[in-house]
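To begin, one chain is listed below as structure tokens, in the form predicted on its own.
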């Protein structure tokens, strides 16, 4: 059980890999399907995990991970605790623009178990963007998939002239204003 590192493998030409980490497997699956339906000019691999660390026995088969999206269900304190525990298994260099926090279930504020302030602080501590969405609604799920796909393009080097680090700082600066 090893720490996930961003640069321990060579990148594959015209391909990118995203890792969705979260306790709600059905929402992960819906988001993965929405990402795969989007039009793209490169091959995409999506890996799903309920938590980190990833099993080390399949490490030699796993492609380089370009983006990690931690999914936090606003209705579940377990979801937040799971993500917080998983963060210890991510190499610090991943937090240079290759991690985001995806907060789901924000359309049901009445059933909120997790304070949005706690998630916002998590994003600040790890210098990573926080995206709020409602994956149960197809339109928002498609928009979230498009947003993650664009972030993945940048994180995997598919967009010339912009790096994951500069993109991450751009997102953080726009959120501060």
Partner chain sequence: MSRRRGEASTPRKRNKKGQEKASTRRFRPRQTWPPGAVPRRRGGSREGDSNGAWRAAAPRSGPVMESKAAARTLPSAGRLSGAARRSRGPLFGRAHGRFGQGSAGGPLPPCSQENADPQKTAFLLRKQWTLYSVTPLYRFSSANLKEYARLLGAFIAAEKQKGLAVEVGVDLDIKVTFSSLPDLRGSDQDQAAMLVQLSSRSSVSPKNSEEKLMWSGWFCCVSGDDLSENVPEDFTCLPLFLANGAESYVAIVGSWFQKTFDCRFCRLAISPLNLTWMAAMWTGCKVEKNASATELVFSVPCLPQPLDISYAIHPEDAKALWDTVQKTPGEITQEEVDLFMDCLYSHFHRHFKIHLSATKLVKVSTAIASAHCDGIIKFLQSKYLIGVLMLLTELAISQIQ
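Residue numbers count along the first chain shown, from 1. Being a predicted model, the structure only gives us computed values, none of them experimental.
Quick note: we don't show the form predicted in complex with the partner chain, though the next part is all about it.
| task | Note which of 45, 113, 29, 146 lies within 4.5 Å of the partner chain in the predicted bound form, where distance is taken over heavy atoms; exactly one does. | result | Of the candidates 45, 113, 29, 146, 113 is the one lying within 4.5 Å of the partner chain in the predicted bound form.
| message | in the predicted bound form, does each of 150, 153 and 167 have a heavy atom within 4.5 Å of the partner chain? | response | No: none of 150, 153 and 167 comes within 4.5 Å of the partner chain in the predicted bound form.
| task | Consider residue 117 of the chain shown here, and say whether it contacts the partner chain in the predicted bound form, taking contact as heavy atoms within 4.5 Å. | result | Yes, contact at 4.5 Å.
| message | Is it the case that residue 76, even though its partner is missing from this view, gets within 4.5 Å of the partner chain in the predicted bound form, heavy atoms only? | response | Yes, contact at 4.5 Å.
| Does residue 81 reach the partner chain in the predicted bound form, with heavy atoms at most 4.5 Å apart? | The answer is yes: residue 81 has a heavy atom within 4.5 Å of the partner chain.
| task | Would you mind picking out the stretch of 29-37, 64-72, 137-145, 49-57 that comes within 4.5 angstroms of the partner chain in the predicted bound form, counting non-hydrogen atoms? | result | Only one stretch qualifies here: 49-57.
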